[in-house]
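Included below are structure tokens for two forms of one protein chain, each presented in isolation as structure 1 and structure 2.
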Structure 1
Amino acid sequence: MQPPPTPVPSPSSAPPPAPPPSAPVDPGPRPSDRVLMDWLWRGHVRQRLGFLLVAVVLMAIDGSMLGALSLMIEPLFDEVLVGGRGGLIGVVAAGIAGVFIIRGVTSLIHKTMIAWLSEKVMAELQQQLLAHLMRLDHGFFHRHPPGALIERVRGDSQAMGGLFTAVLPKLARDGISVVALLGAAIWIDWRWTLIALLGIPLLILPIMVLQRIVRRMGGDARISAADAATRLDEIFHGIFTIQRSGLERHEAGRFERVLSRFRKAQVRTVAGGAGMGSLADLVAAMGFALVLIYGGAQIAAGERTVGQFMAFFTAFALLIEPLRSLSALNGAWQTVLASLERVYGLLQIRPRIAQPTPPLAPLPTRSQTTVRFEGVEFAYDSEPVLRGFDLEARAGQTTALVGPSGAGKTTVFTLLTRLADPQAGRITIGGHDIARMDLRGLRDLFAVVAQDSALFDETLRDNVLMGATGVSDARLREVLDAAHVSEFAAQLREGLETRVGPRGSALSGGQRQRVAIARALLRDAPILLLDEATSALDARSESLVQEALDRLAEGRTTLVIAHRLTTVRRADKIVVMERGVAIEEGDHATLIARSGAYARLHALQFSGPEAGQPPPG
């Protein structure tokens, strides 16, 4: 459904208010961090524990080398530079070079391993999210725009990759570095170490405050990113309307306001994480100053050597960076948790349309596909769409649904295919309630050709087959000829192997409809649903498509939604809908003779200067 057009603002008018940020997708009770980590551990990490342990060991070796490096500084100064023992210079140089070689090799290996693990888990999460979303019902997608869901599948799962690329390396490599460097510092002089660490207790309260800010801002940033994706999705879907209406500046302004919210939340998240690192710098500065005052006096008095001080100074200087990293660890962790919470919450949503419990109702044969709606009521949220709706579409016949927009015609198809369930009443096929039928088997009963049939950026052949296997070339040629696809396929540069572009953009409207009809012919389902299948076509395309549709409808139970009454004149039964109820039914001649709602619609379309055009709305 297209959104209502936005009025074009005058140059002097004030810009419209920024749209509100998207609400979280079906928020439920907030899970604890322990629940989130247990879910991630069981679902994606535990089975790779051995691989992960090897990476962690390599990180630990990488981190421990800093401690070894600082201990080598003491003999370098005391024995070689001050003591003049030149014979040791090769040994010390080899030791220092070995440290850097070991760090380089282990760093290369563990970073590559973690990158692989991160991408693997993110890909699994994205596949899991997509598979889960595709099982959710029509109502869910009615409430949540595609852009927000794209951000959930891509953005949140990628943000979670920070657990492996940012949190784990900080915790393992930098944590070991801190332990090794502190060990080296204590080995050199435990008093100097104690003095250097006096300021650490001052970090506790500020870090507790900052971690809450980072967690909240991380969640806000993900919501704003979803808003940006939604806005882009709307703009690119409606690009021609925007260009024709001169709305480029207006839409750019709306997008800029969404980006502004995202930018502010993202900057605050980064600033919160950086603030934790800055606190570590303050503590380090205070500790170093105190050690310099105390240790400098000892060196001047001959109680300590220059080599000892330089070794301690090296250990303490090298300690600052991993300490900063660990101080910022909580910020990175809170960002990961914010995304993890959103992904977990989405996966907890249960589809309202589910496979019924046995015993299942039998699936009808082709001759038993009479469709009945009995007192069906349905509403989107609190807005009623169908109000006690009754309908009978007999097997092998064509039943047409006509009426103004908003009468509930498309909702009939939605309920019939169980993309949603009615709040009251029941729907039967062959006398059996569809809510008791095997869900996959039920949907296999239908072939659908809609006004805007979905095509994918694959080859023309793939768009016709739609995953069907074992289709012979003869059968494929038969359906392509019957749907008049062969006529234009032969003119394409690569024939059936030509890619049709995103949403079939490389094809005309009539060509896209013929591809959809070829799909339906190949599917050979007993019930055919036609939703405004020719309403957007020119006269020649409509003639070709209508001929193909007539061939497709032969021997099938067919339900047709149409505004153009020319397409339903030959229907066995026409049902006139208005505000969710059937107000008239009969064949074309009967309804014209009755001089009721159908006759008025017919007169509106086939008299006066607007003859042949669809009714308003």
Structure 2
Amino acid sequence: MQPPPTPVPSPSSAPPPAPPPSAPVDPGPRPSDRVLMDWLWRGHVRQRLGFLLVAVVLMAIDGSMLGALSLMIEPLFDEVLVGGRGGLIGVVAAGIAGVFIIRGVTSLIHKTMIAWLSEKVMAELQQQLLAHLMRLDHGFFHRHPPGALIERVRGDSQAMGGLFTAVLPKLARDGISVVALLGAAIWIDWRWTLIALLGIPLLILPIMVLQRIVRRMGGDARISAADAATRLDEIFHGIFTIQRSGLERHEAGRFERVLSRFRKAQVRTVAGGAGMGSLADLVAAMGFALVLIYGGAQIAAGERTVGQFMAFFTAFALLIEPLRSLSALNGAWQTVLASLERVYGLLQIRPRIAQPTPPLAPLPTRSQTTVRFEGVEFAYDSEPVLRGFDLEARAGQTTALVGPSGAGKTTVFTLLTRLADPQAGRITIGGHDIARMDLRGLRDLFAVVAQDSALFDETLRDNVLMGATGVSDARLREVLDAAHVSEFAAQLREGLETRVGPRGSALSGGQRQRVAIARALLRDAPILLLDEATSALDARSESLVQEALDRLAEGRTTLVIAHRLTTVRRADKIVVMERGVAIEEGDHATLIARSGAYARLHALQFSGPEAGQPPPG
């Protein structure tokens, strides 16, 4: 009756857009089943062994009751129904009722216990996975789309719960049922039992074939489920682009194709499981027919009683159900193993950005925060993004990075904050390699206004505080005023307590940027990184917010990325980047005088005789 547990969809290896050959993320060889089980046992099961044993004992009692039931059929027929000893009927009835009561009570308890245990283990696994995934680097998240990761954390952990909800009950309850019923059948007549089971060897080969199909299809189903999750994730994130470009039908079509692959694999999985059950039925029917012929003759000859036959028949009929369930055991087991393997695989991926082993380099003090890039080489994929990049940003000064889109400016910040590590070269702060510094301590050195700062679906206040505690109201107000958040917060219905929607979608682009600036102002870190920090603001708020940022930058090591050159002309040093190298540097006046790349950029932006005036818009 039980098809193999519906494989909870989850990706095996999420379909990366372009897996970079240079950066193998997925861990080495496939771990053996033993390794997987050992890991699960040590990590999540061992601590609850007592609890588990109680549940297993209850399952065993539950399972053995069927054997008891079939044994009661013999006196029911021979003594009561055929033998006419009416007085016994109460005893037999009470016995049969007792069997069902015990079954009912034990199954209620063990099912509840197992539900509790499996939910507990699944929750633990999800937390463990999330904590682990959050430590992984840029490259990993570039290869694994969010939708697929969501599927893995949720789906694979849940599929592993099948170990407790499917595999264990099959083993303990159905296994014991089979043993008890077979015992009863042998007790009644071992020859009949032997005859009935003659067909079983016939089952072995077809079931092995079916199992392979089920496992492969189960894997396919999980991969396409991950694809489906990725599609949905991208559709909902890009919904407005889709609507504006009229891509609804196109996207629906892509989704349909993914779903149809999922459907096919899923149906085959279930059909394979059902096929195993049907085969078992066929063999049982054959066995039963043989017993009927042989035993019927014995009863007719008076060698056997009707009660014995009925008891045997009952045991045999009751045997079919748990046998079918057991035949699906391997399918359920394979499903659990497949998920276990993927979860284990994810956990084995070592974060490439890791806390260095001691001795650690000292963290710089405020006055030592000179930043240096020395011959830094970096590629996300195979295409180099930084190619022998050198930079010096002196402590306490403002250094600007300018250059065309795609030059690698944002990448400089990515490497400096160690979201990724360079493939060659060195990055130092205060003369010490950042790769040798305490990771948390290093990241605490920076206040960043990123090009695409993430807002979270929390209140405006929480989005500014970002977990900071002990911030006085006065200080918060000061920051909000300076970043011009107060201005629009006052117009929101619930002010600072307004929720900003998923990824800040209830705010305008400029408002989101002001929230990001407020965060940076609040952080009071020694190094300030501004990536197009005011690009989304209107001219008036830009000049006001810029003032606040200039004030913040005073006395801090500041790196500014800006396309609008007005923002950077007062910088102590301007570095012009092109295709991953610094091609020019100097202050505004020097670079203009040199008539090089910077001067050309400048001329483009401020074309006309009044070069040097702010651009029109």
Ligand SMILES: Nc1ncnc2c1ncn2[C@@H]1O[C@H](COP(=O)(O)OP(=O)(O)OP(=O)(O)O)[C@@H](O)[C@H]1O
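Bear in mind the structure is a predicted one, so any value in this text is a computation, not a measurement. Residue indices: 1-based, along structure 1. What we label the rigid core is the largest C-alpha set whose atoms superpose within 1.5 Å from one form to the other.
Both panels show the same chain in isolation, but it is structure 2 that comes from the form predicted together with the ligand. With the core held fixed between structure 1 and structure 2, residue 592 has its Cα displaced by at least 2 Å. Relative to the superposed core, residue 382 shifts its CA atom by less than 2 Å between structure 1 and structure 2. Superposition on the rigid core between structure 1 and structure 2 places the CA atom of residue 177 less than 2 Å from its counterpart. Structural comparison between structure 1 and structure 2 after rigid-core fitting shows the C-alpha of residue 491 displaced 4.6 Å.
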